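As a starting point, one isolated chain is supplied in structure tokens, in the form predicted alone.
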Amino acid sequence: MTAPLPYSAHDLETFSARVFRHYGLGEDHAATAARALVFANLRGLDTHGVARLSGYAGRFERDLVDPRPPMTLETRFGWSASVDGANGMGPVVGQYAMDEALARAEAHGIGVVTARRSNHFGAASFFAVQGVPHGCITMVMSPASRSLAPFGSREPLFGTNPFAVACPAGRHAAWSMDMATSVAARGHIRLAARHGRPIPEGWALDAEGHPTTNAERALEGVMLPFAGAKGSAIAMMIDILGGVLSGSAFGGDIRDMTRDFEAPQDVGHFFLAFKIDAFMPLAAFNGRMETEIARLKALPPAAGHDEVLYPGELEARTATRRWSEGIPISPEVLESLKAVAGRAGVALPVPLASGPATSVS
């Protein structure tokens, strides 16, 4: 099998922004969308990185996303707001809403913003970590298209519904959790299907409701929530906050980005940011976080583990390494980028001269 090739993060971001500008996005919005994709690649979240560029381009080509959305803002209280994304790109709508949440947190100590009429917004942690330089703890949620069966059901209703939380950690990289409410992200099953590999038992059911390790059958069936009823409840909570509360699609009505081309997705989002110094000085919080992490890192590793990691630590290390060594792009993703480059009339970046990358996350 051909090894992945390393590409500069800067070059991939520049390339992606040029593609988005080809499809009509303004310079700032194109830069935001490109930055969201490469952020995911840098942190090892490759299923939400430039591999998504082809899917985004396809929806622009079908006029299913507005490249220049007339977004509007409604507010009933100073600390809250509701964004109408006007069918703009998910990262663009999400950034607009996240900026509002942070601005309101600065003014009121807390900012809560919902968004409706948006699209797939990429990695939720892209937005969550933006609160860290502002001394905020942030929470970001977004329901997804129907693929996950609620606990006890063989039929899907919810999406894999991402949930991200981030906060400062003193001298350490930010504490950052970014998770799907399924046992595994659907992108991992697509990747396994593409390579003809099996998936672990417990990830999915086939179309008849039976457990399967066949990735192709899993894609025809349903995802399973992590921790059974607990993951199912969290998936529904995200559907409520990001869908019901936002005024966007909910309860299985969000359209699949890669398979449903009849109409816009109508995705909703939820953003919460609050200032740490509303409770204690930021320096004191950072010191306490350093103590928390020191105690965790001092624990003896279990069998099969070299160390105990806190959420966000591995992603931060991956980002540091990929900034210097390049982002590994698999042959399959590279082919999709070549196709997009051809349709958009944009030159594909040249891989770094350091040779093949060793792995793709």
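Each residue number is its position in the shown sequence, starting from 1. This structure is a prediction, so every number in the text was calculated from the model and none was measured.
This next part talks about the form predicted in complex with another copy of the chain, which is not shown.
- In terms of contact with another copy of the chain in the predicted complex, the residue from 251, 202, 198, 133 that brings a heavy atom within 4.5 Å is 251.
- For the residues 218, 102, 167, 123, the 4.5 Å heavy atom test against another copy of the chain in the predicted complex is passed only by 167.
- At a distance threshold of 4.5 angstroms between non-hydrogen atoms, residue 28 is out of contact with another copy of the chain in the predicted complex.
- In the predicted complex, residue 88 stays away from another copy of the chain, with no heavy atom inside 4.5 Å.
- By the criterion of a heavy atom within 4.5 Å, residue 301 is counted among the residues contacting another copy of the chain in the predicted complex.
- Contact annotation: residue 259 falls outside 4.5 Å of another copy of the chain in the predicted complex, judged by heavy atom distances.
- Residues 137, 244 and 288 are all found to lie within 4.5 Å of another copy of the chain in the predicted complex, as judged by heavy atom distances.
- The stretch that touches another copy of the chain in the predicted complex, counting heavy atoms within 4.5 Å, is 293-301, out of 331-339, 313-321, 293-301, 58-66.
- Contacts to another copy of the chain in the predicted complex (heavy atom within 4.5 Å) from stretch 255-293: 270, 272, 274, 276, 277, 278, 279, 280, 285, 288, 289, 291, 292, 293.
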